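The same protein chain appears twice below, in two forms, each given on its own as structure tokens and labelled structure 1 and structure 2.
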Structure 1
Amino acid sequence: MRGDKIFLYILLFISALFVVIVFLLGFELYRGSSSIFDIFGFNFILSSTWDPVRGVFGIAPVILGSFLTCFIALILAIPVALLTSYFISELVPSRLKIYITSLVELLAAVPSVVYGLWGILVLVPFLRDNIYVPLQSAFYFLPGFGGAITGYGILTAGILLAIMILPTITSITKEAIELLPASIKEAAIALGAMRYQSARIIFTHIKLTIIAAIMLGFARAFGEAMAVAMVIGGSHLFPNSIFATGYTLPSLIVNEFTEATSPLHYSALIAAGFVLFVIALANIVVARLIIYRTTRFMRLAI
């Protein structure tokens, strides 16, 4: 049929265009930042000097800040997310389940600027007055507990990110638990497993999916721009205390893009975006491959 062929060609054309755009994205980001890599080479990543006036750009503290905030976010979010997902999928009565699931999904639907607004106007003063100040007066003699306390900073950004990635990790894990065949859960129960014991068996069976969920949570935290930009304080120095301000790659771009002064400054920001893109891409691709593999594995095994 000629109609069928034309229709398929239209679909193929659109899809191919999309694939080309994805490649173009990587290519253009690289091209946009090439002048930076030509001038600074790897020093762009390894150096800590960021001086737009002199035209010297290095993002080592920013990369460190990115990993630090994500690390804090994951440490806080992973245990809570795993236990929540088990609670929702196995312990909540089925009638309540829909409502709790929707609440968690709503948490994911809140726009990130709203998180940021809440972060800057509520969370920052709350943490400063109720957590950071007492913490510093208790441990002022220890290294890493000094410095000025503004409430803004890497730690605050990490906490806010933890809240934001909770629903990501929770809903992927919850889905994996629910997709796990009933026969496996029943086998555990018939062995006389207590709740925490069958939870362990269940988690063993979905551990690859959990890793993928964590990686996707990481990717989301790593790429989050607005909320972090609003609470991280903005600093190109290496952090000298747990209360220090800093930057992450996306928050650097957000904060300086509108005020960039020279073409080289723009290129430096685009280059930061390129670094962000490469790290996020590696994460997402690995996580995706794991998810593809596990769904196939579960289908084969059961």
Structure 2
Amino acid sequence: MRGDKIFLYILLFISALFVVIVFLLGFELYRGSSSIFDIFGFNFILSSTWDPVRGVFGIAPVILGSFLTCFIALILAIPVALLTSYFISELVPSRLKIYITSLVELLAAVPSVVYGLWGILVLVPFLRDNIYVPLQSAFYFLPGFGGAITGYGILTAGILLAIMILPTITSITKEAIELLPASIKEAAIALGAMRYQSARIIFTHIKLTIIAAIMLGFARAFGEAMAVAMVIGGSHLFPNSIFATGYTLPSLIVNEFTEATSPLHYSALIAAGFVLFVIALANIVVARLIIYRTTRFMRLAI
């Protein structure tokens, strides 16, 4: 009995410790950025001017660049991740499954700087010469497909992020499929469901896990700094094309933090980190609300 109480106190202490760490992290970021918000207020978030020489700072284009790269990454990664997870779980022979799974998980273990180097040396020239030029020629009349093509930019960063978050979404979804009761799969087959119909039934039953995997992939992509900084080009202007260069919040901090020219510039970069922190927390809250509402709806339906 005494051992149970001690164990309970340990769990409470660890849980409280995590809450305190998050609170202190947010507090320190806010304190470091308070001078920026005192001077610019919400104009720091809504303004598009970033000029350390004149002491004017606004991160609206940077926030937009962060969301654009993440949305591109999710659009590209989600279908591939779902199909790959189903293929590994249901179609790959058992003796080969462990090797293919290890290869997928190995992608998650590759350091981000290695992804960045690969992006510079391989991905950028390949996309510029073989994909972007034909793509622009075919869709030049559409908004967002104009401008100069250098290989660096928003789309390249999104593609690189898609590759980086692919193993995360794939691994989580694959585990959920394998933990699904065999009776559900057998019932679908017994009713004459075709392969794609069976996959649809499986994904419907694990949709909460898929939502969680997507949110985790979004958080991974939104917070990535080094790899994105190496391929996004770097521009404080609003991107007028998917081929345009830009910035994300993490890449802005990485590129300029060691070169801050004044205390105000330094504070502006901390404020960008605080905004990144708030968006990350909002992502978690939204994910929990989606899962809660979906679970509540399923319980009411039952």
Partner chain sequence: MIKKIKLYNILFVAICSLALIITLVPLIWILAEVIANGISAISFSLLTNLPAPPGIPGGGIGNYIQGTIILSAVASLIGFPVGLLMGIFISEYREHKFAPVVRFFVDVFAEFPAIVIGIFVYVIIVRGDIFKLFGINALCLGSICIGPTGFSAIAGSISLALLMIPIVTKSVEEALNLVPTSIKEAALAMGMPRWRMVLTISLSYARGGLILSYILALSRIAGEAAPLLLTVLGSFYWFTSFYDRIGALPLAIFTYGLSPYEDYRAQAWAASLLLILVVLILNIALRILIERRMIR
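For numbering, take structure 1's sequence and count from 1. Definition used throughout: the rigid core is the maximal C-alpha set that superposes within 1.5 Å between two forms. The structure displayed is predicted, hence computed values, not measured ones.
K.L.:
Eyeball the pair and call it: which is the form predicted in complex with its partner chain?
P.N.:
Form predicted in complex with its partner chain: structure 1.
K.L.:
How much does the C-alpha of I21 move between the two structures, in Å, given a rigid core overlay?
P.N.:
For I21, the alpha-carbon shift amounts to 2.8 Å.
K.L.:
Upon rigid core superposition, what is the positional shift of the Cα of I10 between the two structures, expressed in Å to one decimal?
P.N.:
A shift of 8.1 Å at the C-alpha.
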